[in-house]
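Given as structure tokens, the chain that follows is alone and in the form predicted alone.
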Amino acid sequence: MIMMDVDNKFFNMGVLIVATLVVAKLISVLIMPKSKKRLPPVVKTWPLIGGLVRFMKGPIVMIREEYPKLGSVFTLNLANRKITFLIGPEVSAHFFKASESDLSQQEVYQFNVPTFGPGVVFDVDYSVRQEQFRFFTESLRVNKLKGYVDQMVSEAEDYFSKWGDSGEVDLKYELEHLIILTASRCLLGREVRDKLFADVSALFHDLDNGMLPISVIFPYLPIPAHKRRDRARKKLSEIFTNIIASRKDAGKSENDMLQCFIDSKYKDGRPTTESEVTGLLIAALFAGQHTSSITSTWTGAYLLKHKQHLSAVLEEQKNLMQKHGSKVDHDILSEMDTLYRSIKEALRLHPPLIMLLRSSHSDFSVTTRDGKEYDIPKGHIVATSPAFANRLPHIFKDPDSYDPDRFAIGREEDKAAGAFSYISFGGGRHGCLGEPFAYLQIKAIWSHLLRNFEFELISPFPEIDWNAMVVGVKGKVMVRYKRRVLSVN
């Protein structure tokens, strides 16, 4: 009898708790105001880690699957964070134009700090970062670029002079190697290029290999790759500290980015420190090396596959040689519009950075092409994808085909749909500062190759290496070459 009373008490208590919860829910529904936010649709995944699994399998694959179902704005629940994707120029304006106080880079790119080092770029507040970006801008002004071009041309001539009259090479390897040589001369300085190239190149290789997918989430995880990264970063700091001290003691000044950073001063008159100079140089090399080597390889592969476009760039080179002789400088490279469009189209199809990220510090709204309005809450990570947006069929005709003429006067497909239709170099407040340098570097290399060699692609057309942190070319790109001087007649 006592047991029955106890059971009844527990039963009654359970009924009371359930009833209380039901009543509380009803009151909240009836009394509490409903959220008026028009939230984006959410990607359907398994609870807790489903979104993370989808994302880690490949964000482009996920976007390709969800864009047709959910449209240009949708949210992925990623463990304890929410990522909202904005795909296409119609919904991306705020992403590119918003102030740092509204959409911030700093939180989402913290994983770069162990590589770049303390006190630079994403390890400093926005006001300091803006001043450091001013140092980059000043080092890439036209008068500086003209000097860099002379060095680029000289490096290309020297490198390819070592090739035979004919042979077979891996174009990807050759261009990667040449571009690190060129970058060493233009950015890191004569001392590195002439005396320390092998050492510095090996150290940068360890830095590069220390940037893994897991580094984005756990940048300080004590794994072997991170330990090698940290040792390389420390050694590079020692090397550049010695070079800076040597230049200052000798009163020497060179035409390179290193010298620009040494001479730079903050608004309060404070000069840059050796540690800051080293970090800024590492950031510059990371930003430029991969983009230039990957894009120069894709450009070559596409031109060798599409003979009509190869003929067009050869014809342009002939016309310039008739006009200027064999000379190549900054101004002559700037006349190479056909080659420029060929490079730009390779970049449209294969932007090395497939995702751009921001952290939202305030609510904002977007409107899609078909008039749907969505509110993006504060606290979301906001993302866009150059790799996907650059192939939207309502902007680019036959978006998966290689067609450099889509950028020619009269078509200009990248402008027809408005700003931020072409985002291989980002855009707006955070557009790539090194874009002019990259185009000049690739033009300098390919103008030399086009004028002095015939090529044939002998391996299958390359695939995309989606597993790399900076998405590039998978495997070798084998070409057969034959030395010849381009005839202008």
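If you're wondering where the values come from, they're calculated on a predicted model, not measured in any experiment. Throughout, we count residues from 1 along the sequence that is shown.
The protein also exists as the form predicted in complex with protoporphyrin IX containing FE; that form is not presented, and the subsequent description refers to it.
Is there a heavy atom of Val200 lying 4.5 Å or less from a heavy atom of protoporphyrin IX containing FE in the model of the complex?
No, Val200 is distant from the partner.
In the model of the complex, does Leu52 come within 4.5 Å of protoporphyrin IX containing FE, counting heavy atoms only?
Output for Leu52 is no: heavy atoms all beyond 4.5 Å of protoporphyrin IX containing FE.
Answer for Leu433 alone: is it within 4.5 Å of protoporphyrin IX containing FE in the model of the complex, judged on heavy atom distances?
Answer yes; at least one heavy atom of Leu433 falls within 4.5 Å of protoporphyrin IX containing FE in the model of the complex.
Can you check whether Phe136 is within 4.5 Å of protoporphyrin IX containing FE in the model of the complex, heavy atom basis?
Within the cut-off, so yes.
In the model of the complex, which of the stretches 37-45, 418-426, 61-69, 444-452 has residues with heavy atoms within 4.5 Å of protoporphyrin IX containing FE?
The contacting stretch here is 418-426.
Go through Val328, Leu353, Val192, Ala98 and name the one with a heavy atom inside 4.5 Å of protoporphyrin IX containing FE in the model of the complex.
Only one listed residue qualifies here, and that residue is Leu353.
Heavy atom within 4.5 Å of protoporphyrin IX containing FE in the model of the complex: which of Gly117, Gly288, Gly88, Gly210?
Here the answer is residue option Gly288.
With the partner left out here, which residues of 262-282 have a non-hydrogen atom within 4.5 Å of protoporphyrin IX containing FE in the model of the complex?
None of them.
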